[in-house]
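Let's start with one chain on its own, the form predicted on its own, as structure tokens.
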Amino acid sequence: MPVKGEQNRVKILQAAADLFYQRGYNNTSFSDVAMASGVPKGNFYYYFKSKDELLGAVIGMRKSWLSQLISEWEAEHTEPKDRLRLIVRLMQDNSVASSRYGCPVGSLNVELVKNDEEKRQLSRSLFDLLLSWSEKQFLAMGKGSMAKLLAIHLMAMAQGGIMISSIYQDEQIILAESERINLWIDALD
């Protein structure tokens, strides 16, 4: 794809990712994405044949970003507890946007779980990545058969705090919950 074509594709993807996060997938049209990206709607079909294809590309972009972030976390930290605290730091770093729109991964999943199975599986793949990685950290801590349940509990605490924060539009809820999650991680033997 020529350079300009790739730049347009990236503009479309970023605009769609932002709009899906802020408005929701179902409340975002190709026209909305065209306006936000600055790429004429008529050109979209060169890059994406359907809104579902665009959704797949947005999820792929988020998954790639998350995989890269996890790789950086693993390179920078060797202790599993330190790695798990990075999920908490991510919550804290994004607390302003999350208190307004929710978690980009969680809110998309909540919306798409009500749609068809293919979309649900696609969006769930982002959580699968986080859960799998978290489970590996708990396994490294010697948690054995409890590792998966602990990973699910970690995600449930994080997503719950973010959801309540977005309901009340109160960043302090995320910050308080993230501190409680850190205390929970510290207390794990």
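Numbers follow the displayed sequence, beginning with 1. Everything numeric in this text was worked out from a predicted model, so none of it was measured.
Heads up, the form predicted in complex with a further copy of the same chain isn't pictured, but that's what we're talking about next.
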Is residue 22 close enough to touch a further copy of the same chain in the predicted bound form, meaning at least one heavy atom pair within 4.5 Å? yes
With a cut-off of 4.5 Å between heavy atoms, is residue 173 one of the residues that contacts a further copy of the same chain in the predicted bound form? yes
Review point. Hey, in the predicted bound form, is residue 167 touching a further copy of the same chain, heavy atoms inside 4.5 Å?
Key: yes
Does the 4.5 Å heavy atom contact test between residue 100 and a further copy of the same chain in the predicted bound form come out positive? yes
Using a 4.5 Å heavy atom cut-off, are 10, 32 and 36 all in contact with a further copy of the same chain in the predicted bound form?
no
None of 66, 57, 140, 155 but one has a heavy atom within 4.5 Å of a further copy of the same chain in the predicted bound form; the exception is 155
Restricting to 90-114, the residues within 4.5 Å of a further copy of the same chain in the predicted bound form through any heavy atom are 100, 101, 106, 107, 109, 110, 113, 114
